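As structure tokens, one chain now follows by itself in the form predicted on its own.
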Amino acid sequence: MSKRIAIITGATGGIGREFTRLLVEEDIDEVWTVARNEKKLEEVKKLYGEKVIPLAKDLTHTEEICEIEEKIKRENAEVLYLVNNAGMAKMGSYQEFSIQELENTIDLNCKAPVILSNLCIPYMKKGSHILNISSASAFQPNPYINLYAASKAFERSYSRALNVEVENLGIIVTAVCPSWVDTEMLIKERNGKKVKFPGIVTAEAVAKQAMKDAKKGKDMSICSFYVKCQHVNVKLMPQKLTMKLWMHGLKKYL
């Protein structure tokens, strides 16, 4: 009999940790938590119990992503949930990014979820779920987080298209699109000014809504009224106008 598992990347904090908390309560044998920091992975295991299996992997390296698939095969596991949460975000001008930061952001935000999804789908059955953590930044171009927003637009588009492709397998793919989430990734201060985040929500709210929407078979999860309004607005307004409004709110931090 196969082992029933969930895999969560970026599991040591924020949204990933909340998904771990929720998924250990599901009818699952093991929750494989993936991140680079072994110490933080062990802390998550102590917090949520023996169901949690820490996997220290750097997902910017393809060979380490493939090691996860090798473990699935070796342990005869069935993947019930894959949560592609690992990601990088940095606010700043294009001039502030090193070549390594550019490469790592694209590898972690785009390459890793695509490869891991492809590797896991053969080990999924009807009723399995892939949840890709995108962002409301996927709805429009956002200067000064241009790479992050573009990578999340990629992830949202990929997720919704993949959902159609695997529909005949009974697998649901959901793009999770929150706005600002109160996690350690957020910049609290820039150029001596405290940053304000309109419509900010908790990681718990995002994870709970995403699980609810995934189980309903939705291909996109939006967890707040603020983001629902944002989603409608960007459909109605020209993108040049949405960028001007974005820059108006951002200029005091630049």
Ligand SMILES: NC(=O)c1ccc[n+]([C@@H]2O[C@H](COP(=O)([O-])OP(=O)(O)OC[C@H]3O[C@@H](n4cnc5c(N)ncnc54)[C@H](OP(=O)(O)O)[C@@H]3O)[C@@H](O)[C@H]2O)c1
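The numbering used is simple: start at 1 and walk along the sequence shown. Please read all numbers here as calculations on a predicted model, not as lab measurements.
Omitted here: the form predicted together with this ligand. The next part is about that form.
Looking at this ligand in the model of the complex, residues Ala6, Pro54 and Glu204 place no heavy atom within 4.5 Å of it. Note on contacts: among Asn163, Ser117, Ser179, Gln140, the single residue with a heavy atom within 4.5 Å of this ligand in the model of the complex is Ser179. Checked against this ligand in the model of the complex, the candidates Asp58, Asp219, Glu69, Glu30 yield a single residue with a heavy atom inside 4.5 Å, and that residue is Asp58. Taking non-hydrogen atoms only, Ile171 never approaches this ligand to within 4.5 angstroms in the model of the complex.
Residue contact check for Ile133: one or more of its heavy atoms lie within 4.5 Å of this ligand in the model of the complex. Within this chain, Arg36 lines the site of this ligand in the model of the complex, having a heavy atom no more than 4.5 Å away. Interface membership of Tyr144, defined by any non-hydrogen atom within 4.5 Å of this ligand in the model of the complex, is ruled out. Residues within 4.5 angstroms of this ligand in the model of the complex, judged by any non-hydrogen atom, belong to 148-156 and to none of the other stretches in 148-156, 122-130, 70-78, 91-99. In the model of the complex, no residue of 64-78 lies within 4.5 Å of this ligand by any heavy atom.
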